[in-house]
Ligand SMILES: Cc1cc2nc3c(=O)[nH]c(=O)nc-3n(C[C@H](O)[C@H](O)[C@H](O)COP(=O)(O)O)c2cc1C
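Single chain ahead, by itself, as structure tokens, in the form predicted alone.
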């Protein structure tokens, strides 16, 4: 089993990365393989051109297409972002918009968790924003004993946020447990629910 943890910070080894590594340690301790992917290198937002619908990948060939290929081997994902103006970073927003539009089908029914890293405030608004994406793909949401956020302006400060780091470990344990339950279900013949063809209803006709 493998979990891909996406770091949506422009700082590859900063506070968000520190939170994700705490989750990673717990997953590894439970025998789950992990990869931390730097999503903060997304170069553009979604152009709404529908190129991906026809060609199976985004027209902007950057880390989004690379991430889409990784999803084939992923059993679950974690999306982490710093708080920028009470929202996810611009890079993470661009990354998720394009990833879910171009490769969202690869994520359907896979467990997902979201994490926010902030200095002081805006984290709950960021978590709310991040949760919109997995909800569209029928992804089970993995939680902890409190909101999945950490506080600090440096990695060392994040490590001193004992409650936040505990939430990361709890998240890792809960994700490992859910993945093992899903695996046991597969072996017992429990299949994913069938997905109906999407019905779109426009308000203006």
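Positions refer to the first chain, counted from 1. Values in this document were obtained by computation on a predicted structure and should not be read as measured data.
Although not depicted, the form predicted in complex with the named molecule is the subject of the following passage.
In terms of contact with the named molecule in the predicted complex, the residue from 99, 118, 107, 130 that brings a heavy atom within 4.5 Å is 118.
Although the partner is absent from this view, residue 83 contacts the named molecule in the predicted complex, with a non-hydrogen atom inside 4.5 angstroms. Residue contact with the named molecule in the predicted complex: residue 28 places no heavy atom within 4.5 Å of it. A residue is said to contact a partner when one of its heavy atoms sits within 4.5 Å of a partner heavy atom; residue 153 meets this definition for the named molecule in the predicted complex. Although the partner is absent here, residue 192 sits far enough away that none of its heavy atoms falls within 4.5 Å of the named molecule in the predicted complex. Here the chain stands by itself, but in the predicted complex one stretch of 85-93, 107-115, 68-76, 130-138, 85-93, has heavy atoms within 4.5 Å of the named molecule.
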